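Take a look at this single chain in structure tokens; it is the form predicted alone.
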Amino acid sequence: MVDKEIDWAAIASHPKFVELHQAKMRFLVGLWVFGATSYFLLLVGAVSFPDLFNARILGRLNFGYLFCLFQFVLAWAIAIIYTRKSNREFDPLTTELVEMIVKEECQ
């Protein structure tokens, strides 16, 4: 069986690939900025505002613990948001791109 050479440079310069890559980067950078900002707010807030982070909210739970728990919820939310966006937008674009490349190679 002879493997066919794949021209990765041509695929990378394909307009559909560029569109897909730019859309994913815009979305992922936005999610990363949101998640990183939240994470660093926890660190900076704990150092800068210890009284706020020690304030009891619910029984023995203080604001700091709740903010830490929020980080886990946020991580799951980001994963769910990315999965939904990927299934709805990125995967169809990827399928379309693969079909176009296969069709172009067969011609």
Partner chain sequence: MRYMFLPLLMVLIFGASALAADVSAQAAPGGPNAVAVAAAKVPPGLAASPQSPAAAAAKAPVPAPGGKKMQTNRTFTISMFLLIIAATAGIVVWASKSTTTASDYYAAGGGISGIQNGWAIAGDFLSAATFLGITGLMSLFGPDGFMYSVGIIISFLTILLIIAEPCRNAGKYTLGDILAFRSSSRVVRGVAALSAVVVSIFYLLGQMVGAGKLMQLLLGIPYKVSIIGVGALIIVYVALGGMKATTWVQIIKAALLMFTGVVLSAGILWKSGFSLFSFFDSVATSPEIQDHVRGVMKHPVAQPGFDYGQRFLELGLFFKNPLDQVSLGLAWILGAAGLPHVMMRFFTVPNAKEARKSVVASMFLIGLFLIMVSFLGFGAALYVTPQKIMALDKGGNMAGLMIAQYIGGGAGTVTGDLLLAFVCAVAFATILAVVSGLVLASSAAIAHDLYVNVFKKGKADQGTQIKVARVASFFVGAIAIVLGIACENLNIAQLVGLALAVVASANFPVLIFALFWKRFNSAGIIAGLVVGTVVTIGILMVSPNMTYPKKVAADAQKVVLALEKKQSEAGGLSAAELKTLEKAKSDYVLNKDGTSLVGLDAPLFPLKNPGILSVPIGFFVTVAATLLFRNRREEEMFEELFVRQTTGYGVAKAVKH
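Rigid core here is just the name for the largest C-alpha set that superposes within 1.5 Å across the two forms. For clarity, every value in this text was computed on a predicted model and none was experimentally measured. Numbering follows the first chain given and starts at 1.
Just so it is clear, the following notes concern the form predicted together with the partner chain, a form of the same protein that is not shown.
Colleague: Given that the partner chain is not shown alongside this chain, does residue 23 nevertheless sit within 4.5 Å of it in the predicted bound form, heavy atom to heavy atom?
Modeller: Close contact is absent here: in the predicted bound form, residue 23 is far from the partner chain, nothing within 4.5 Å, heavy atoms only.
Colleague: So in the predicted bound form, is the partner chain close enough to residue 89 to count as touching (4.5 Å, heavy atoms)?
Modeller: Contact check for residue 89: no, nothing within 4.5 Å of the partner chain in the predicted bound form.
Colleague: Taking any heavy atom pair closer than or equal to 4.5 Å as contact, tell me whether residue 52 reaches the partner chain in the predicted bound form.
Modeller: Output for residue 52 is no: heavy atoms all beyond 4.5 Å of the partner chain.
Colleague: What residues in 29 to 61 sit within 4.5 Å of the partner chain in the predicted bound form, counting heavy atoms only?
Modeller: The stretch touches the partner through 31, 32, 35, 36, 39, 40, 42, 43, 44, 46, 47, 48, 53, 54, 56, 58, 59, 60, 61.
Colleague: Would you say residue 91 moves between the shown form and the other one, meaning its CA shifts by 2 Å or more once the core is fitted?
Modeller: No, shifts by less than 2 Å.
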